[in-house]
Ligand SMILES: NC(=O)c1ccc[n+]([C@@H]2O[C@H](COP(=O)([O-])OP(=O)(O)OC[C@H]3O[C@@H](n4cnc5c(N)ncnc54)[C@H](O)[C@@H]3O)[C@@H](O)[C@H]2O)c1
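Form predicted on its own, single chain, as structure tokens, below.
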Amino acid sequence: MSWLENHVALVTGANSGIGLAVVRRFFEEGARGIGVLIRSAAHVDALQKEFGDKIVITVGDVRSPDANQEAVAATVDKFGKLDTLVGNAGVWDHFAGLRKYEGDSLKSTFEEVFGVNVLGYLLAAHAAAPALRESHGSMIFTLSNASFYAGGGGPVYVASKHAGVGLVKQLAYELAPDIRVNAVAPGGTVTPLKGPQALGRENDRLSDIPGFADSVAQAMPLGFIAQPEDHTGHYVLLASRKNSSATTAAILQSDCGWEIRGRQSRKTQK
């Protein structure tokens, strides 16, 4: 039997990257239905074509309480329950350093990045908690190696991902014993993560940066840059009641060994 047989999930930011990979993997593991919350209606047709009536789509901004409530309600109405919330929508600041900001751009960038990366997770958790209490389900949030280390972005992004660590721990504390709360922290990944509109980078994708993939691969102890699919097994594990029933407040690092980078050259190992 698959690990997520008859499972129902809700995934935010599910139209591309890690979110889409999680949706596909959950279905491979036996999920019965998945709700998705996406920002742009432009992706609706592609999702419906791929998944058919196995998904229910809500178009809205993760920073909106109403959009999150609507996504939870649509999922429960269609599939009868909710077992796992995957908070995944995110925005990156393109390494914008502190002194690169001018005028009000620092304030507006902070509000946008924290709004998506922190408030969006809080609102999703608030909306999903009643249904997850009924099912004794779980929440899983997408964090980052920038949740623990400097250099994964500028100060706004890194601060937002550090805030995510506190959010996971506090929610795990508050929602126990009914709901488990965990996270996955990917490292550099080939993903179309976009930048803030406040910086005019809303159409600039992380994966499109020249030389990004090669530079990340060279810095990783495991010697490669991850694809979104490389992280999905962690989400399956944390969602599975059978395989992680005693796990809460855990953050699984999926970053090709970022913590040990630079300690020993891979080329000199024998």
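The model shown is predicted, which means the values in this text are computed figures rather than measured ones. Residues carry their position along the shown sequence, with the first being 1.
One more form of this protein, predicted in complex with this ligand, exists but is not displayed; see below.
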Query - Site test, Asn145, Gly187 and Leu206 vs this ligand in the predicted bound form, non-hydrogen atom cutoff 4.5 Å - result: yes
Query - Listed residue (Gly233, Gly30, Gly60, Pro221) with a non-hydrogen atom within 4.5 angstroms of this ligand in the predicted bound form - result: Gly60
**Report entry** Among the candidates Ala159, Leu106, Leu122, Leu193, the residue which, in the predicted bound form, approaches this ligand to within 4.5 Å (heavy atoms)
**Finding:** Leu193
Report task. Can you check 171-179, 96-104, 135-143, 69-77 and let me know which stretch has heavy atoms within 4.5 Å of this ligand in the predicted bound form? Result -> 135-143
**Report entry** Heavy atom of Asn88 within 4.5 Å of this ligand in the predicted bound form
**Finding:** yes
Query - Close approach of Arg39 to this ligand in the predicted bound form, 4.5 Å, heavy atom - result: yes
Requested in this report: With heavy atoms only and a cut-off of 4.5 Å, decide whether Ser16 touches this ligand in the predicted bound form.
Outcome: yes
Query raised in the report: Does the 4.5 Å heavy atom contact test between Ala131 and this ligand in the predicted bound form come out positive?
Result: no
